[in-house]
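As structure tokens, the next two blocks hold two forms of the same chain, structure 1 and structure 2.
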Structure 1
Amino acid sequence: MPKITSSAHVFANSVAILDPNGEYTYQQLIDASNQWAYRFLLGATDLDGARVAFMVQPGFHYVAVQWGIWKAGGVAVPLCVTYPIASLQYVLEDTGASQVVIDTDFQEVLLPFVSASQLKHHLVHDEVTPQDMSLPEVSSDRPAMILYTSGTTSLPKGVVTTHGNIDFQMSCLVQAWEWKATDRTLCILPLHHIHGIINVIGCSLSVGATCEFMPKFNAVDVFSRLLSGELTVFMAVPTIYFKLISHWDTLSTADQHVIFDTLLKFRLMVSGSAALPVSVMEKWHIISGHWLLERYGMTEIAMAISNPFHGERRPGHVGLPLPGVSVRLMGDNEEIKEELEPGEIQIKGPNVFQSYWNKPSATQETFTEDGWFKTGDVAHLDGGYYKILGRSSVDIIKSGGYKLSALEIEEVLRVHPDIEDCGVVGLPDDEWGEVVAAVLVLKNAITKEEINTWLRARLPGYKVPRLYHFVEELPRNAMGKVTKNDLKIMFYRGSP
């Protein structure tokens, strides 16, 4: 099982978790997770890879349940707490989960289906008689967790990671970002995703640090915790930083100075799960004195590339390969790309997932013959740093013989003083193959013609959007990524 569950004994009396219900030590976490393991075993000696799904609020009980599944030899399947029942049903049926843990807040949503399906279920706050029995030995090559991809182009796929994968993913980031037992971090991220599970909870608890939980985001509450002087590490997605910046803009100059002086004392601030706009990075530097550390990862590989903890954090770039991770850029004709040549990011290392759950063909297709995982993301090397150009399926626009980066065009658009936010996509076109189209959130009224005149002074003509659509807010998934297929649908329905 992951080393995190055994190393906790070293920090038994230290505070592991702080959530809305109170403060919990590592010893309390050990004891609670052991009791969950006994409950899951149901008198057996080993779950032997049985899937256990859980829909639990972020906090102590979430971690105790997850560790308990691992200790019992099961495979943890975290359920998204905002999913509708149809999506939850898909995950439960696809994994063949044999047991389900349900928090009080989600009984109304999940319990009717679980009961009708005659699945063994546990309620988080049920009284449990303490037991004492031996737990199984679980090897590092056994599956530990199934997380689901976002399913933007097809049905979500279950990504199977082993205990060895998880151990490496945590130790790699602990080394790269210099996590310490004296650290204290705040988790405000969804916990059906690698960012919150590994980068925040996993890293902090594997070194004896303290992890605080705030189940619902609120800019005022987050700033209150950031200003407490107790936190040392903060990780969030670009959307959260954008909302914090918007709140900061409403504060007095005196309050803004207090925020700067306090945030400057943080050891590390990280952004991930979606591309970090350079404008957001620059504004956060004004607010906090920190250049956000941007990194690159995905469900299948956790983290693979990161800007350095020490040294230059280059805006618009995701940095250098992490320790023990191999990265290459591959062209369409299977040639390795050099400096400034775009290619698909391919990854090899102990961080790479084992398989897609019950999808052997999909698993085989996503690996090269020599064992490299094909991410589907396109990047180029720029002075040794990787710069993401976009997702090959949605962010690389093939227009008139050119391969255009939607992310590059978005960065330029965000600089415009009247544009709040934007998303760029390619739409099918008989003449050009694809044409560039932009969905904009405006600060102030401006015409398409004025935008194009401004853009042509900053971009070649073939990169300037031909179509525009104006909205109040961009559609996003749970991790703050703009859902670009939804943007495309807006144009099919007609642009105002």
Structure 2
Amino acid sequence: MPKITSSAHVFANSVAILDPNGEYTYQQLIDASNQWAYRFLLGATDLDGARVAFMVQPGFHYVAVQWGIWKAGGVAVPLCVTYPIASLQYVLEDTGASQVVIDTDFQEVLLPFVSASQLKHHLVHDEVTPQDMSLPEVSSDRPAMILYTSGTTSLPKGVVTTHGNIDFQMSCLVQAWEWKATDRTLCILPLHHIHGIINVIGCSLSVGATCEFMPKFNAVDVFSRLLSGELTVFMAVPTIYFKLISHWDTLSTADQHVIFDTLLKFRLMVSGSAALPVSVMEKWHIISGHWLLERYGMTEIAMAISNPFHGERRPGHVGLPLPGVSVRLMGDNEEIKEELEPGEIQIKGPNVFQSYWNKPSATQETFTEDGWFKTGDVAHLDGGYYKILGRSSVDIIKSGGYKLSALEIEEVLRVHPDIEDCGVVGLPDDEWGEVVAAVLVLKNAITKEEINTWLRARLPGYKVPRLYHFVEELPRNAMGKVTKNDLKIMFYRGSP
């Protein structure tokens, strides 16, 4: 069982969670997660790795369900709360989930499918009679969680992490960033990805700190919580800092001074999941007096490289290997790269995931023969600090901190009856890092708005292209492969 669920007894009377419904102690979290575990066990002694999916609003119930699954010996599969049914169905079918937990807000989208598939389901607010049973011993090498990541294949892959992985991922950050029980943080990130799950909820609750939830990001509300003077740690993706800066720009000088004085008292402010532009880091320093701590991570490895808590936080760099994590840069000819030579980031350590769910060959291909995980990100070392230079695949797009697969979006677009062919690329964007853009060859006339409405039934909003360009034919190289750089150039020339 992850240490986070057993160490909670030490902080029993402290406030663990604050969400829109109220305040909850660690003891309430222990009690509620035990009850969830009993509900999942359905009289059995151990779920033995059965997958339990849950579509629950960020907050107390989300964490209680997650811990309940772990305590019962199940594998937690958090569902994105903005997914349309097609994306939810993919995850439920791919994991072979045997039970699903549904929050009131999501019954309309999920319940018809779950009922039709005769999946065992639980509603978060169902009245249940409290039970008392014994819970299984769950060893650290057992799978704990499956998170879906988009990559160089058209369909998202499930990343399986063990309890041991999760324990290490949290304890490593607690050590590096000096988390303490007196900390209080704000969770504004989606909870189907590691940034929110491990770095924010996991770290805070593993040390007895308090985690506040704001289920939907909004710059005005975030500033109002930051200004409460109660928070000590804040973590976000660069797009969020960009949006906060845009809001700050509209405020009076007097308000800006109050913000500076309050934010200066924070212990730590972190940025990650995408490259932090130096201009954003510098502007945030003017706003808050803080040099953001930028770190590098990935669903498969959680966090691997981080600027130091004490010491120089170098703009444009992701820092040094975290304690216990080994990092190397590998060249195309299997040679380890030295200072200022670009190479692929490869990672080894207890943070590295176990496998891609049901995909043994994808798992094998992503590791070197000597067991290093190949990230696909290219970096160089600059005076001991790693600097990310790019990615080995043009088909991976990072937008708002979300990793998107151009291939996945193309695959869905090609199903549209009026679309003959398409190519999807990421275009640089100050706010989003990259925005998704699609070049289409049409069979029949159709508007961008019609395409977007159709896509939103099949993909979450953050995967839907922001820009379209229509052509007679896609540019291809001698091998017949679409030349993605030519697609990008079309948008710089202007879209019709």
Ligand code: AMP
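For the two forms, the rigid core is made up of the largest set of C-alpha atoms that agree within 1.5 Å on superposition. All values reported here derive from a predicted model rather than from experimental measurement. Quick note, the numbers are simply positions in structure 1, starting from 1.
Student: Given the two isolated forms of this chain, which one is the form predicted alone?
Tutor: That would be structure 1, which is the form predicted alone.
Student: Would you kindly verify whether Ile409 and Ile197 are assigned to a common rigid part between structure 1 and structure 2?
Tutor: Taking the motion between structure 1 and structure 2 as two rigid parts, Ile197 does not share its part with Ile409.
Student: Name the rotation angle of the smaller rigid part against the larger part between structure 1 and structure 2, given in degrees.
Tutor: Relative rotation between the rigid parts: 143 degrees.
Student: For Pro460, what C-alpha shift in Å is seen between structure 1 and structure 2 once the core is overlaid?
Tutor: With the cores aligned, its C-alpha sits 38.7 Å away.
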